[in-house]
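Listed next as structure tokens is one chain, alone, in the form predicted alone.
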């Protein structure tokens, strides 16, 4: 007979922690510096902002996706982690504010928003039923309404379960998750089209939505590994989230490395062998002027390195290896979004890779606010979903490994 595992850790993040304050401070400083950049180089500001915005929003939406899959499959393995993505999702309704600069910068970012350009371009005219400013703005609020509502609802249900011990709430969470999965799939796909693919409105790829999903989800697992080790470094959940659980995160990171490579390469290969000028030019622009180094870097450091390292079972048990791979994936995620967005900033000029200080300030600005919101919320309730009926089964992984 297996004995019921007992939790020896404190399950409360320190209420006195100044971490959210420091993060909000860093975020505010980053956004103020970026705002100064807006007046010195407006186009650069909006493009830098868009890269950081799509970075953090993709990870936030992937967090809620993970919670949805968790409920719908009744999985046990990730119960000890679930509060982390739940908390990220709980803040998505607040995160809606940060889509406003994308809307305000629509003329700087999106060629299709200029009526004079549409008037002389039959391709833009053909796409104008979808690519027009009013409909673009409406879509942004539809996406965030779905994400914010579902994220908040699942977080609240999870906390209610913790406080009441009513296991019936688990079926409510499944009832929310079932219709939410296709809604999330469609909304994230179209968000990828809107934010990134439509930067170059002549180009199109029906795979781009799932490509944005794949890169965001791979980065999400890397962020989860770093978050687990960060909590350990602060003395939290050391005996609750054990190496056996983090091994699972490494396995997921490996799985989504393969999935990402499959999707990214399929998109490239289809366009490569069809060899149609309107499709190939998009890759052509990203394989010259310095951008080719990011492309080779993606192949080496976003696919080959995590794939070859995590292929070995033992490496997924090694803390330093997992942290190294996770950091590399997160850095490459930022660079890949940069690689997608930046070549369209000045297409008429000689192409060249030029990093701007605003790439850093917008990233620190949005990142500080993103994690500030996370830790502010994380302090309010238990760090794991207590009273969850599957928690004991999850904790027993400690004894099996």
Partner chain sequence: MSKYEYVPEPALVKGNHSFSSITELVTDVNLRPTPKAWYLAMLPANALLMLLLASIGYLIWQGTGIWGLNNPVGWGWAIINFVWWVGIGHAGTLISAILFLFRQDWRTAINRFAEAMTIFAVMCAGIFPAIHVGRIWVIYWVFPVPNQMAMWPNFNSPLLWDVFAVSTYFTVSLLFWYVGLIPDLATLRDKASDKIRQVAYGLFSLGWTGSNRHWWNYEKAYMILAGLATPLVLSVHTIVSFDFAVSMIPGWHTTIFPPYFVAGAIFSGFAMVLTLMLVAREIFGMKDIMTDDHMEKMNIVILVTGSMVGFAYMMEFFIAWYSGVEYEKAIFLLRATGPYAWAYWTMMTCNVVSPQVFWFKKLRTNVKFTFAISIVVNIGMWFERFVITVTSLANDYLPSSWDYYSPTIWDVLTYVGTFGLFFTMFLLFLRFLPMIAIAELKAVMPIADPHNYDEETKEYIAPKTEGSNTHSETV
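Positions refer to the first chain, counted from 1. Please read these numbers as outputs of a predicted model, since none were measured by experiment.
What follows is about the form predicted together with its partner chain, which we do not show.
Within 4.5 Å of its partner chain in the predicted bound form, a heavy atom is found for every one of 186, 263 and 274. In the predicted bound form, its partner chain lies farther than 4.5 Å from every heavy atom of residue 138. Using a 4.5 angstroms threshold between heavy atoms, residue 288 stays clear of its partner chain in the predicted bound form. In the predicted bound form, residue 229 stays away from its partner chain, with no heavy atom inside 4.5 Å. Contact check for residue 115: every heavy atom lies farther than 4.5 Å from its partner chain in the predicted bound form. Note that among 231 to 239, 327 to 335, 166 to 174, 289 to 297, the stretch whose heavy atoms approach its partner chain to within 4.5 Å in the predicted bound form is 166 to 174. Interface residue among 315, 108, 91, 205 relative to its partner chain in the predicted bound form, by the heavy atom within 4.5 Å criterion: 205.
Among the residues 104, 323, 178, 145, the one placing a heavy atom within 4.5 Å of its partner chain in the predicted bound form is 178.
Within 4.5 angstroms of its partner chain in the predicted bound form, the stretch 116 to 136 places a non-hydrogen atom from each of 123, 126, 127, 129, 130, 131, taken in sequence order.
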